[in-house]
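The data below hold one chain only, encoded as structure tokens and taken in the form predicted on its own.
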């Protein structure tokens, strides 16, 4: 059986990379006494996969991983077992036992389901910025009012021009009182923006790319270290249920995707 785990990552652990996070959970699952399944072969390993690996320096309220277990208890019990062996900076906030797939049906992993993500992007105190909060909000709203936002999107092997505006689904300027239970870091200058962006294997728009494009459009110098990124939630798009990866990619290419129906990976 497959179990989906939701956890937050914050504080100094934002400097721990994805591979070290994976190794930590492998050890934590053993310490928690969960009946985890191991792969076969000369180098057996726990069968687990993360929904969307988090970059170094980014904090999050909603990270997901799928773990295969032989047997399991109640979700609340497993969450308590895991949190008993966690360290400060990582906290399990949800556990869900996934239903078994129908005969001849392939199980969908959290990674394959990711379609969008919410981010809170904040400007850190101590860095020079040519705008105050009010000026930033007006300039950013004008930036997103553009019909298109062409950027050079780079990958490990390619570099191509892309219009990212259709893939910025929503934005807002939350006040200091917003997200009271979030682990997002707070800064006195109050400059921050909420972004909901396309994510996943078809079109993955990082908030850094949006902020860099904004700075370029307004003539500001982009300093990647001056911005703190916090992931608030990761979503699947139930409107895409039943479509193959090839069909989804074709919809992306022709811009004929159905109307989005976003839900959290645990629900």
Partner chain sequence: MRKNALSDEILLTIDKPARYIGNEVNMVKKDPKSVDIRFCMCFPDVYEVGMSHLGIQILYDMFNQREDTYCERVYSPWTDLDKLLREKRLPLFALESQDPVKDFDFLGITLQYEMCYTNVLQILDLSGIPIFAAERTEEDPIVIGGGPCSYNPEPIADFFDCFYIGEGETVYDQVLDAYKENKRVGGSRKDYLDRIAEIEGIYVPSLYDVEYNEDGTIRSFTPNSPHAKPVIRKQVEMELSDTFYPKKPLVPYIKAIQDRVVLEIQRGCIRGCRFCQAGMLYRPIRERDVEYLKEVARTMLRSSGHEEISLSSLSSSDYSKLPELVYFLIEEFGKCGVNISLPSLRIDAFALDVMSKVQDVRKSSLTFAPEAGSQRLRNVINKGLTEENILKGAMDAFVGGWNKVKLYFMLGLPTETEEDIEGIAVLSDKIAREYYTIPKDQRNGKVAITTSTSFFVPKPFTPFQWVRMNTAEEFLSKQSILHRKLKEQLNYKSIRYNWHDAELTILEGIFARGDRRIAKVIYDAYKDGCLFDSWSEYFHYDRWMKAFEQNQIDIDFYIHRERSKDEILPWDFIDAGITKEFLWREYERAKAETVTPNCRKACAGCGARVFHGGVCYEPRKEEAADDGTNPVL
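Since the model is a prediction, treat every value here as computed from it, not as a measurement. Residue numbers count along the first chain shown, from 1. Heads up, when I say rigid core I mean the largest set of C-alphas that superpose within 1.5 Å between the two forms.
Below, we refer to the form predicted together with its partner chain, which is not included among the displayed structures.
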property	result
Heavy atom within 4.5 Å of its partner chain in the model of the complex - the one residue of 159, 188, 134, 88 that qualifies	88
Partner contact for residue 228 in the model of the complex: its partner chain, 4.5 angstroms, heavy atom	yes
is_contact(residue 32, its partner chain) in the model of the complex, heavy atom dist at most 4.5 Å	yes
Proximity of residue 53 to its partner chain in the model of the complex, heavy atoms at 4.5 Å	no
Proximity of residue 218 to its partner chain in the model of the complex, heavy atoms at 4.5 Å	no
Proximity to its partner chain in the model of the complex (heavy atom, within 4.5 Å), stretch among 210-218, 41-49, 229-237, 197-205	41-49
Heavy atom of each of 143, 169 and 267 within 4.5 Å of its partner chain in the model of the complex	no
Residues of stretch 10-33 in contact with its partner chain in the model of the complex (4.5 Å, non-hydrogen atom)	10, 11, 12, 13, 14, 15, 16, 20, 23, 24, 26, 27, 30, 31, 32, 33
Exceeds or equals 2 Å, Cα of residue 41 between the shown form and the other one, core fit	yes
